[in-house]
Ligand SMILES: Nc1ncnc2c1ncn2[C@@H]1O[C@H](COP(=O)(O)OP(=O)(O)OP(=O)(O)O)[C@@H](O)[C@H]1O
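In the form predicted alone, a lone chain appears below as structure tokens.
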Amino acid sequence: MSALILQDLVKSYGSVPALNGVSFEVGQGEFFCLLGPSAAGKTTTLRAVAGLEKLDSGTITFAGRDQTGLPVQGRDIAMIFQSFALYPHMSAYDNLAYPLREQKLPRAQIRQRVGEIAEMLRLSHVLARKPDTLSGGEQQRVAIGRALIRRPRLLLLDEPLTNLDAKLRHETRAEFKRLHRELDMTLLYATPDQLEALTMGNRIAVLRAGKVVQVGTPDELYDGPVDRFVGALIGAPAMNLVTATSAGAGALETGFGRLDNGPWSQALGGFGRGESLLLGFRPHDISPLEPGAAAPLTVQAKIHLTEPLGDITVLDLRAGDTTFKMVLPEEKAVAYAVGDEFDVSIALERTHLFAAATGTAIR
């Protein structure tokens, strides 16, 4: 059952389009992520859902009710912004209590609700302190608590981890997942960070230049990108993309030689010779070829850079005039050094093919 339905949202600021027909549906109790680079339309989408932006056209339906023209106060929606937006002159307690005081709830009920939310967010020990004396993580939890304390049916989060350091981002991601599980609340979360989207979202809508490019689960976006943009955006390190041309009969000419029997071969059969293409394969789908072994797609490569990242190492490889990345566990990577030459196997069945001109996936 869909809790939130966005249909053909259009919004421009003067001559600059921000949303150009954005449509998607969010299920009841779903953790739904909006993923895209800066200026993709993520914040404008959230602000439109919250009632902070007036649309040029389109409709927003929440819980079966058309909310397109409703004021902010009538939407039963809370939003957490990129900046924590806490009242600096108020204590953490008063920041949490403020929305309830605006609703004119009895003092005893406010005290009870603040106590409950403070315990849930592990803030009980800082309630008397002002925001400027709190750590970044504590400020973020106060901002979360202030949004949750009204018990909204939909929570909007606009890049809420941007101002936190790496350790706090990791901890707060886990906190959001815990809260989502415990509160069974519908969440719409905007982020430019594919790791955040992949680790937290039940489903993800990828936005680009005010349009929804693809909607799917993390696995669907990773395994079946609809175009080069999604393929390069999802996954770290990014997907390798190398130039290729169609060779007829579903085959492909690359810097590695002629390839056929790929997952794209049948679709490629309708292409004439010489069409410009891009072959995509992920760094995790490459491995050193064992001596004496054979594989459908092997390449002789030379290491020109290594990037140790703790438990894994990224190896930058060259094959002729083509460069690409391979990921190895650290215990295997220690056997290789810059300048080494060896054969690698690329998992042909997991390769992707895109039209060079449009970026559209061929599959």
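Heads up: residue numbers just count along the shown sequence, starting at 1. For clarity, every value in this text was computed on a predicted model and none was experimentally measured.
Below, we refer to the form predicted in complex with the ligand, which is not included among the displayed structures.
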Exercise for review: Examine residue 39 and determine whether its closest non-hydrogen atom to the ligand in the predicted bound form is within 4.5 angstroms.
Suggested key: yes
Practice item. State yes or no: in the predicted bound form, is some non-hydrogen atom of residue 22 no more than 4.5 angstroms from a non-hydrogen atom of the ligand? Key: no
Review point. Wondering, does residue 159 line up within 4.5 Å of the ligand in the predicted bound form on heavy atoms?
Key: yes
Check your understanding: Is the gap between residue 61 and the ligand in the predicted bound form 4.5 Å or less for some heavy atom pair?
Key -> no
Check your understanding: Looking at the ligand in the predicted bound form, do all three of 13, 44 and 82 come within 4.5 Å of it through at least one heavy atom?
Key -> yes
Review point. Just one stretch in 64 to 72, 306 to 314, 30 to 38, 324 to 332 has heavy atoms within 4.5 Å of the ligand in the predicted bound form, so which one is it?
Key: 30 to 38
